[in-house]
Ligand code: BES
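Listed next as structure tokens is one chain, alone, in the form predicted alone.
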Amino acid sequence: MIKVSSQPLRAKGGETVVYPVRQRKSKAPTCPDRQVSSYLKEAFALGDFSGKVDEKLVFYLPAASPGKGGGKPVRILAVGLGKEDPDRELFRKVGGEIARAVAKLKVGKLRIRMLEDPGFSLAENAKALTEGLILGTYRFDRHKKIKKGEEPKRIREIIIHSSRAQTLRAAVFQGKTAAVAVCSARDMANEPGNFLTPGDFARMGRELAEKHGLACKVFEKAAMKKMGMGGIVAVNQGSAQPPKMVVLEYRSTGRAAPTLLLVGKGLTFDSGGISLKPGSGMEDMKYDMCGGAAVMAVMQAIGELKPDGINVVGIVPATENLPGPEALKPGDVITLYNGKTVEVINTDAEGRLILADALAYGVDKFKPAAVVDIATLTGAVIIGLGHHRTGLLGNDDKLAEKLLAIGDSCGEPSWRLPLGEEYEKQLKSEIADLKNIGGRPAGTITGACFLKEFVGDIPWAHLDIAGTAWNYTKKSYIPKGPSGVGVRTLIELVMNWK
């Protein structure tokens, strides 16, 4: 639980209080509590703490309310913000640092005195701090056997104290909602393939719809065959798990509100099919549904935030890609939802086949104002951008620029790559409308060019998160394994749609 209080900070014995403080030129950092400031001055004089970014100082004071907490002292954690005006990403990282520090101290309740400074946006930074705190506390130990008495102590309650509490409450709620959604996406990604199947995506979609008042429709294999979704059906041929296509709809109160379509790749396990991947590292292919998890998590957050003036549709095509006796073969020709035929050169380029069906269906059914798809689509994007930036491609400059700006502010930066006829030529087939791969050169771009064939003239953007969905840039609020990247960016896109 996290809440904002306008009450003066009077900690009980045994509690932990955090003071984010700024570095001052040739002077000791200060905070609103005089006693704490005096200790900071002493630490500064000894050269132990100056308020630099990433600096932390732990010390102890008598409880402000004598007699409460059994006479235990109050633990003080001072965290440096540096000299410059802190931005949202710094506060996010500080939140993560606080979460990591108090986890080692086994803190159950945390009080934070929000720094109030005219040099920055208090609400935006409180929102970012909230995100960092929650994201930094993330753990996935569902499948571990923990001995009695060795259970990890988690933070049960966080109270942010500020004289401008009313200003912060909405921002903190948004930050909490977004961060909890990211943790949901991380949970989905961490689940092994035998615990998260296409059927589980369907179940979660129905549960989200019931909890948040969304509309949910799940398409089964027979229906997808009848609708001509040859991509999803073909990729699924080698699996004993039937495919699902989950469609979640959020409708705002505005009658003439535009619709934003979000589509996420839901490969719950990808062996590569007949074009089998190398065995080393194949266990990580449970992460190939991170795009689908992101879309589900965004719909979870939108259901709680209930934005006005925009409708949101989330579609997740979900299946496994396995080399069973009926599996799709290299050289096969399949027909997708919009009637285009595809010569399958490599069955390991399956994500674009299921996304193509979902994109074409979503555009046809919902007539959206814009479309964004998110997928762990190509290994090539890791070669080009490493694990630090998401690949962004699209047919609309305005949408691309908006996503670039939002990604930067969310700490989820993207890099835009080009599209063009010269790349599209790599996908020409002698026997079908398209090939599903264009060779090794510009693999990320040709993957996006393939998807572009299924959105028509609708403003569209593609986020290739193969390099950022896991093994992401090391940050205090990002754990090893899945990062949940893209969730906060897409939530911000929805909440700031104009």
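Everything numeric in this text was worked out from a predicted model, so none of it was measured. We number the residues from 1 along the sequence you see.
Keep in mind the form predicted together with the named molecule is missing from the figure; the text below concerns it.
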- Query: Just one of Leu40, Leu463, Cys449, Ala466 has a heavy atom within 4.5 angstroms of the named molecule in the predicted bound form, so which one?
  - Reply: Ala466
- Query: Of the options Gly228, Gly379, Gly324, Pro330, which one has a non-hydrogen atom that comes within 4.5 Å of the named molecule in the predicted bound form?
  - Reply: Gly379
- Item | Joint contact, Lys265, Met285 and Asn346 to the named molecule in the predicted bound form, by non-hydrogen atom at 4.5 Å | yes
- Query: Given that the partner is absent here, does Phe49 sit within 4.5 Å of the named molecule in the predicted bound form, heavy atoms only?
  - Reply: no
- Would Asp270 count as touching the named molecule in the predicted bound form under a 4.5 Å heavy atom rule? yes
- State yes or no: in the predicted bound form, is some non-hydrogen atom of Lys277 no more than 4.5 angstroms from a non-hydrogen atom of the named molecule? yes
- Examine Glu350 and determine whether its closest non-hydrogen atom to the named molecule in the predicted bound form is within 4.5 angstroms. yes
- Note on the structure: Assert contact_stretch over 397-405, 350-358, 139-147, 308-316 against the named molecule in the predicted bound form, heavy atom within 4.5 Å, equals 350-358
- Item | Neighbours of the named molecule in the predicted bound form among 218-251 [non-hydrogen atom within 4.5 angstroms] | none
